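Only one chain comes next, encoded as structure tokens, the form predicted on its own.
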Amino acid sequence: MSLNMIKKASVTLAATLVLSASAALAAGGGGPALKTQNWSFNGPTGTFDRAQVQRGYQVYSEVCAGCHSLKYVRFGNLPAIGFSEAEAKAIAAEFEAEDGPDDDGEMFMRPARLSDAMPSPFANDKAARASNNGALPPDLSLIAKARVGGADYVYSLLMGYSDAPEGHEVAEGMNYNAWFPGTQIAMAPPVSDDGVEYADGTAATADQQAKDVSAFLMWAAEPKLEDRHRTGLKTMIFLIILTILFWLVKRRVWKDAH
């Protein structure tokens, strides 16, 4: 076999492996296809639905915050999703943050401020494991970007609980979820119909809660998404205008050339 043939075969094999891996990732690591949604933030001009993201924060705070931290989000970030500064301060004041040392060299607790990060429900990882049968609940700050599929993955996972297929054994204390790696997850189904009472009167079905908290976690993971979309759109418009100008200049410079 010639060297050129070996190179071509290597390129073909590499391309096949990449395509296969991409297909597996798109399907959630070999699991079923994700339950894709028509998110408002999808596409080059997508924006967050403020009402939905606020509802998602309510779901997080009432359902998820008992186990999952959100350590990269500060209370001062909440006005970005439509809360007023006064509302954000009131939300922060419901929590306590450690501060100090004081004049006696002691740490102390005080009401949280806008500059504080949202507190973890546990003092440390060992405490978290002890409260969850040995499982460590992940921090949710970046979960929507850390998983293939983003918000679709979060939504699929939340809505993916079901009885295990016949012949598929589930360990004691575990739950079957086709979208979780290994299909067995320690977390019990977190959302259920009327699990929360939405402040805006929206019907709190399990499906609605899953969509709302998925949108909120997408915002938490990429709060500058709208800025990035606006910058990208402006850049494309600039490049289009620049291309037209270059074309007009070219025509003028070469109009007398034969």
Partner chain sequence: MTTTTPEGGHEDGATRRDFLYIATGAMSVVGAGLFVWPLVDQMNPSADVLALASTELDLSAIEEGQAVTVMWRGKPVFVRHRTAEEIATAKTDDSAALPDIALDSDRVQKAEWLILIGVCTHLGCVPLGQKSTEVKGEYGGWFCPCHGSHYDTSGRIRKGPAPKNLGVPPYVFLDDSHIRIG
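Numbering follows the first chain given and starts at 1. What you see is a predicted model; the values in this text were computed from it and never measured. Here the rigid core means the biggest group of C-alpha atoms that line up within 1.5 Å when the two forms are laid on top of each other.
Here the subject shifts to the form predicted in complex with the partner chain, a form of this protein not shown in this document.
Practice item. Name the stretch, out of 183 to 191, 158 to 166, 80 to 88, 110 to 118, where some heavy atom lies within 4.5 Å of the partner chain in the model of the complex. Key: Correct option: 110 to 118.
**Study point:** Residues within stretch 228 to 257 having a non-hydrogen atom within 4.5 Å of the partner chain in the model of the complex
**Key:** The stretch touches the partner through F238, I241, L242, L245, F246, L248, V249, R252, V253, K255, D256.
**Study point:** Residue shift check between this form and the one not shown, rigid core fit, D163 Cα at least 2 Å
**Key:** The answer is no, as the C-alpha of D163 shifts between this form and the one not shown by less than 2 Å after core alignment.
Exercise for review: Could you check whether the CA atom of D104 moves 2 Å or more between this form and the one not shown, using the rigid core for the fit?
Suggested key: Result for D104: yes, a 2 Å-plus shift.
Review point. Does K234 move its CA by 2 angstroms or more between this form and the one not shown when the core is aligned?
Key: Stays below the 2 Å threshold, so no.
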